[in-house]
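Below you'll find only one chain, the form predicted on its own, shown as structure tokens.
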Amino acid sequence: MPYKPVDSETVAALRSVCGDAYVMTDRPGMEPFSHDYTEDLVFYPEVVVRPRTTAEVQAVMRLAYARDIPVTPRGGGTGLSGGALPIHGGILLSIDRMNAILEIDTENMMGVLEPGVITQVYQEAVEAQGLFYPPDPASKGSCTMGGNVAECAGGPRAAKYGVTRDWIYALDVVMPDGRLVRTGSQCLKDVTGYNLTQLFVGSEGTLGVVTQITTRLMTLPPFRQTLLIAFATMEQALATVVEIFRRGYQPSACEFMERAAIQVAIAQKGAKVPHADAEAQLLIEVDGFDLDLVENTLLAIGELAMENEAVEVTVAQQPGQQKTLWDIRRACGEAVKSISIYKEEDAVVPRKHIVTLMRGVQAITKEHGITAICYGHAGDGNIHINILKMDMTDHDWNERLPGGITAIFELVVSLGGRISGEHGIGYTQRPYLPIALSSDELDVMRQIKAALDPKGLLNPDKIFI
């Protein structure tokens, strides 16, 4: 449907809802909301609103619905698939002011919070109570819990603890027409009607605006130790990953970095890592409640790595040593992206196919004359493939990139994988979605979107073309 522009009357109405200070129409004020972490894409909204309460979000949505104005919800703006870009202008609805932790229930082991809470802030608050919220996206210091819910964020600990959807038990959601829907409960068992909570988790802000989140929590494991393992070949490293899980060991994280990724991260951090010239490195973390069990598991994984001809196994038992290694891993993304213009793909395959994926990516990028650097969450089969422009001309970049991405995704799907593990489809991955989903599957998703958002006002032109 054709969208209506934001006029002065609409701006005045929004200011009456949220207050003058929290409605912006000037270009400098809107600039931070015109982009996210997705390459160099920029789309300016017509107005930015920053509501503080669910009631204010409802009022904004009712106004937009009555006037046929598109609304783009936004969390921390750390997305990597353009999910929070206001493609059609309209209203940019930022939830950054909705940032209160409402309850940490130490008896029922649940937390209730608003969507603008920074993920790391929430983790630290529950850890102060001896509890643990495991999901840990790389941008946890700046991403919001609302954004995590919208994208079903993952992170290194997904290998043991799962992703955001595994920890969300209830949501308050404002629908496109302003109705408030409460999904789920704080009960561990609940099959009272459809599981609407899981419908909204990962829906990328296209079905409703989350205004309150209830998460499950667990007791904080007191012991955590880390291994960095260098390998001469990628095959040895990734075969070790498969064998770790096959033997029943359950690391809390199992990360993979190829040589180029770790070297650029080291250069950025100014740190030293043993055998930085090895073709592949695994960063493995083991946590738990029994120190002997943690240490024995770490030892067993180290011995397994040596059986698979690891070059060296480095043990980091002290928090300072562990932080240094994790800082290197978390720096990989920004370090790689600092090299040149880039396009990041977020593919996931069954663990046993990671080697085939990695070698396939190398062959495809060579065939298409493009450069890629890979790292990611080997423990759950999720690899981040960063394609770099380097010294290519704009013409060659634009000509070669789509074919290379298509070939990579076709390989991923042929291996039983998916084209996004944790970054979402958003705006940039829409053209490739039919590679992974059938026309019938896409039709069902479109029908859900049409049923809940009949005017197509909420985060338009995301996920589907």
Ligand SMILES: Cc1cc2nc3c(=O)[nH]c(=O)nc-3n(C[C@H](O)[C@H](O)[C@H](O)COP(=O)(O)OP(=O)(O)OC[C@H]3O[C@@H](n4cnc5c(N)ncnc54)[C@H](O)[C@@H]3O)c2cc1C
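Everything numeric in this text was worked out from a predicted model, so none of it was measured. Numbers for residues come from their place in the sequence shown, where the first is 1.
We do not show the form predicted in complex with the ligand, though everything after this point is about it.
Here the chain stands alone, but in the model of the complex its contact with the ligand, taken as any heavy atom within 4.5 Å, falls in 208 to 216 among 317 to 325, 298 to 306, 208 to 216, 269 to 277. A single residue from the set 176, 381, 111, 79 has any heavy atom within 4.5 angstroms of the ligand in the model of the complex; that residue is 79. Exactly one listed residue, out of 237, 84, 254, 354, brings a non-hydrogen atom to within 4.5 Å of the ligand in the model of the complex: 84. In the model of the complex, the ligand stays beyond 4.5 Å of every heavy atom belonging to residue 90. Looking at residue 386, you'd find every heavy atom of it more than 4.5 angstroms from the ligand in the model of the complex. Although the partner is absent here, residue 422 sits close enough that one of its heavy atoms falls within 4.5 Å of the ligand in the model of the complex. Mapping the unseen interface onto this chain, residue 143 counts among the residues with a heavy atom inside 4.5 Å of the ligand in the model of the complex. Looking at 93 to 123, the residues that come within 4.5 Å of the ligand in the model of the complex, counting any heavy atom, are 95, 115.
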